[in-house]
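Just the one chain here, the form predicted alone, laid out as C-alpha cells.
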C-alpha cells in the first residue's frame, strides 16, 4: 500500500527517537515534583516583576498570582516562583489530564509537527476527520440524533453557534430563549445576555431575549418541577410562538455544582416539544465528568436533545446538532477551529476517557468523587460552622464555607492557594461556594487525601 510523504514523515524512526528522548528528559525532571512546596525566596523578585508585567499589559491583575514554569507532575504543577501546588481547578476544567501527561505531550508533539498549524474553514488535516468521528459516535451511541459536529475555539463560541442554528431553524417568528436561573453560557456579545449575571453585560446592548426558569432543588423535588413548568407556561402565554429554544445546563457548574434530575428535565422538555422549542444542552463544563461521556446520557435524555455543546476538557470545543437542525450554508464558519496540537490532544483525551476505566457507576470518576465526598463530609461533621456539603457529581465537587459568605469564600480560595491548592469561587451572594474540577486522568485517592488535609488546615487558620 502506497503512503503519502506525510505518513512517511510521521513514521520516520528519527521522530520516535526524538520523542523517546523528550519523554526521558520529562520524566527525569518530573521526579522532583512530589508534593506541595513553598516559593523559592531567590525567585521572588523576578516573579513579582513577571506578575507586574502581566498586569500592565493585560490591563489588570490575575485572579491568582499564578504563572506556570512549564512543567508539572499529574495533579501537581510548578509555578515560576518555584512553588508547587495541587491543581484542583484545572484552568476551570481544561487540564483534565493534569500536568505534563506523557500521552498528551506525545499527541501535541504530533500536532505541532503537522504542516497545517491552524485547522479551519478552508484547511483541515486528516486528524480532524478522525476526531469528528469519535465525538459523533460517542454522542449517538444510545440513539441521540446529534451526529453532526462543528468545531470552534471556545465554549462561548460553541454556544453562539448553537443559538444561531436554533434561531434559523425556528425563524422567522421565534426570537426568545429559555434558560435556567443563575446559568452561565459565556461572555461573548450574544452569550453575555444569556448568562444570568447582569454585571457581565453592563453597558452592552441587548442581543438575545431570555426568560429564566428556576433550577432544580433536590430538597423540593415535586415543587421544583411545578415551579419550573409554571414559569415556562406563564412565559409562553405572554409570548406565544416566540420561543426558539431552551438552553439547559444539566449540572450548573459556575453556580456551584448544582445537580439536576431526569424527571425534572423531562417535565420541561415535554413543554418544549408541545411548543416546537428546540432543546440545547450546554455541556461545555459537564463533558466527560459524570458516569457517561455526555451528561445528557447520564440523565438519559438521548432521545430529546437537538443541539449539544462541549468544551473545556475536550480540548477543542464543538457544537453538535441533528440533521433536522442542519444550518443553511454560510451560517457557521470560522477561519480556524483549533490548532493541530489541540485537535491531536483532543483525540487522545477523548479516546482515553472512552476506552479507559473512567465512566460508569464503578469507574474512576465516580470512585474519586465518592472518596472526595467522604473526606469533605467527615470534615463538615468535625467543623460544621466552617464547612457544609459537599455538592456536585463526578469530577465536579463543591462545598460551602462560612455559611456561603461571599467575601470569606473568596478569602478562603486565596488562602487555600497560598497553602498549596487551587480551587475557585462559584455562585454568588447570598450563597457562594468553593468548587473543584479534578484532573481525573492524573489524580489518585492519596492526592485527594493530601488536598483535604490542606483544606482542613486552611479552615482551621480562618475564623
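Numbering follows the first chain given and starts at 1. Not measured: the values here are computed from a predicted model.
Keep in mind that the form predicted together with a small molecule is missing from the display, and what follows is about it.
Although the partner is absent here, residue 186 sits close enough that one of its heavy atoms falls within 4.5 Å of the small molecule in the model of the complex. At least one heavy atom of residue 155 is located within 4.5 Å of the small molecule in the model of the complex.
Contact check for residue 196: no non-hydrogen atom falls within 4.5 Å of the small molecule in the model of the complex. Looking at residue 284, you'd find a heavy atom of it within 4.5 angstroms of the small molecule in the model of the complex.
Stretch-level contact analysis of 73-81, 284-292, 218-226, 366-374 against the small molecule in the model of the complex, using heavy atoms and a 4.5 Å limit, identifies 284-292. Against the small molecule in the model of the complex, the set 159, 249 and 254 is in full contact: each member has a heavy atom within 4.5 Å. This chain appears without its partner; in the model of the complex, the one residue of 298, 312, 169, 85 with a heavy atom within 4.5 Å of the small molecule is 312.
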